[in-house]
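A single chain comes next, written as structure tokens; it is the form predicted alone.
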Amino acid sequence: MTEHHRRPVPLAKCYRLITHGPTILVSASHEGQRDIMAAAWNMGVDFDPPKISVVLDKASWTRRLLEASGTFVVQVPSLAQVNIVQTVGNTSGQQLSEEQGTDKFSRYDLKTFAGEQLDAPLLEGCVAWLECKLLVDANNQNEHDLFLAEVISAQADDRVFKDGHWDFTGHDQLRTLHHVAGGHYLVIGEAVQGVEIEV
């Protein structure tokens, strides 16, 4: 995706970037080290200030980096990135660093760009990016692997997110991914409009 399709999203509407339940990529960096991982369990939890939650396993290196830095990025990948999602979700960033002296970004030639607020890498080609500040809650993090964060900046691809709503018409490769299990995904379908039933 080229830079000219990235547009800021008002923080009051940033929860809409993940409310449809997409698989996300979480990236973090600390003291020159960086990592990215896939995560399926995430959701918005508050509007003002906007807050989100993600579940990150204790074994993940991304988790350790974000705990150390206090910041991270949630990005929403597209169908065109399904192989990237599967690969970074099943590769150990720490193992790559220790055995090959590299990270997932370099190993898989993942292109990044600088965020509006944070040093954590943002992955090119996604359809949304949320820069987050960790809200430390040791009990939730240690007992439940649950991380809460305040969204401090948000962007989306204006080809598919306009006026606070997703519309993938004509952009099938930009549709979001939804992990089922074992490397199987669904993609977001067509939009429908609900109306209240009159009684």
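Throughout, we count residues from 1 along the sequence that is shown. A quick note: this is a predicted structure, and the numbers were derived from the prediction, not measured.
Omitted here: the form predicted together with another copy of the chain. The next part is about that form.
> Classify residue 112 as contacting or not contacting another copy of the chain in the predicted complex by the rule of any non-hydrogen atom within 4.5 angstroms, answering yes or no.
No - in the predicted complex, heavy atoms of residue 112 and another copy of the chain never come within 4.5 Å of each other.
> Give a yes or no for residue 70: in the predicted complex, does one of its heavy atoms lie within 4.5 Å of a heavy atom belonging to another copy of the chain?
Because no heavy atom of residue 70 falls inside 4.5 Å of another copy of the chain in the predicted complex, the answer is no.
> Does any part of residue 122 reach within 4.5 Å of another copy of the chain in the predicted complex? Heavy atoms only, please.
Contact check for residue 122: no, nothing within 4.5 Å of another copy of the chain in the predicted complex.
> Within a 4.5 Å heavy atom cut-off, is residue 150 in contact with another copy of the chain in the predicted complex?
Although another copy of the chain is absent here, residue 150 would stay clear of it in the predicted complex, with no heavy atoms inside 4.5 Å.
> Tell me, please, which stretch of 135-143, 60-68, 151-159, 26-34 lies within 4.5 angstroms of another copy of the chain in the predicted complex when heavy atoms are compared?
Stretch with heavy atoms near the partner: 135-143.
> Which of the residues spanning 181-199 lie within 4.5 Å of another copy of the chain in the predicted complex, based on heavy atoms?
If the 4.5 Å heavy-atom criterion is applied to another copy of the chain in the predicted complex, 181-199 yields 181, 182, 183, 184, 185, 186, 187, 188, 189, 190, 191, 192, 193, 194, 195, 196, 197, 199.
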